[in-house]
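Take a look at this single chain in structure tokens; it is the form predicted on its own.
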């Protein structure tokens, strides 16, 4: 048997993190066994059908590192096949035509006044000779009225429910041409030769209904695995949903997550391998198995996801990270980076990447390298606060200390025009030495000296190392900012 798994999203927008996790696990299981992973677009709900969403979903999967071997681009296009199977079920006597109207069903439900109401169609055992002429009908599957329906689940073991808990399942709507999900998914999984159906535990009740169709058609039943829910963050209730925010892959792309970080986080959200936190795709293919997946739902923890993303940012090659980060900087400064500026970003990458958890944070932290920004509130206050002289009650204004620093730069870093006097290269080590020298001359603490310099150079109090930042900016730009 060739193992074959699938993911079957509805085309409604960017991939939900729960769907992405299901795709990751199905992909890994297929690859572990040398099998096939398929992507099928379930687009039978035409009211929620957005063609652009199909491409968006495919981009999300590709971005996160999940590649499919087979693509079924439209379930809706296969509806004739679904109708064919429904008619075969009629011929087998496993299904029947139901002429009950919506009004009649609603009236029966209202009369029953029960939340557990199961509609019992008067047409289940009707003689076909009594069928009304030219009246629309739905096709219903005959559900056993006694015994239990049992499924085998890789994660949960044997699970069963009393057959009487299910009403006769509608498989074709009364328009005669609209197959219902529980029929279409069975037909497609059978025709695609899917061997393992792994999907969210909310589908468990559907699986009992679908097994009846497999049995009625005499088809092999795939192995099922009902995956635990992803729960809302701590302090919030229920399944992770749009009301909690931050639930789509697109959100994490825009926030500057690395795909391998999100892959790693979702991979471990309900599955693990000992105490291993950092797991590569290759390791995951080797280690993953549905039988090791937790039965219990797992809470989504954004802080853990950010911590993992920070790790992958730190470990990323500087050039590759520069290429990934450039678009975030360009969005921040509202223009394209020049080739020279990209080289500056590459030079500063070792300092930037150790201080951020996302690429958005990196762009916020490093934007001063490419544009003049308004001073943040703390930086502004520093420029208004006099610097105390050590062992004295005297103070010096921030601008006065900066003026002395500018003069020092002119004396020691500018190449003289009519002299062979040596001068210092504008490099971080030389700048650090100069700061120490000036602080000693002025008899001020070096930290107090650098605070206003940092404010004027970087427009903030939270920055990469000052000397490295000034080296990257160049002397001309630094003096310009210090004088401003």
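These figures come from a predicted structure and were not determined experimentally. Positions refer to the first chain, counted from 1.
Heads up, the form predicted together with the RNA isn't pictured, but that's what we're talking about next.
Colleague: Can you check 367-375, 306-314, 393-401, 406-414 and let me know which stretch has heavy atoms within 4.5 Å of the RNA in the predicted bound form?
Modeller: Result of the contact check: 306-314.
Colleague: In the predicted bound form, does residue 337 have a heavy atom within 4.5 Å of the RNA?
Modeller: Looking in the predicted bound form, residue contacts with the RNA do not include residue 337, since no heavy atom lies within 4.5 Å.
Colleague: How about residue 162: is it within 4.5 Å of the RNA in the predicted bound form, going by heavy atoms?
Modeller: Although the RNA is absent here, residue 162 would touch it in the predicted bound form, with heavy atoms inside 4.5 Å.
Colleague: Quick check on residue 325: any heavy atom within 4.5 Å of the RNA in the predicted bound form?
Modeller: Answer no; every heavy atom of residue 325 is more than 4.5 Å from the RNA in the predicted bound form.
Colleague: Would residue 465 count as touching the RNA in the predicted bound form under a 4.5 Å heavy atom rule?
Modeller: Close contact exists here: in the predicted bound form, residue 465 approaches the RNA to within 4.5 Å, heavy atoms only.
Colleague: Going by heavy atom distances of 4.5 angstroms or less, which of 216, 279, 72, 231 would be at the interface with the RNA in the predicted bound form?
Modeller: Answer to the contact question: 231.
Colleague: Of 167, 191, 254, 330, which residue is found within 4.5 angstroms of the RNA in the predicted bound form when only non-hydrogen atoms are counted?
Modeller: In short, 167.
Colleague: Go through 389-411 residue by residue and record those having a heavy atom within 4.5 Å of the RNA in the predicted bound form; state none if no residue qualifies.
Modeller: Nothing in the stretch sits within 4.5 Å of the partner.
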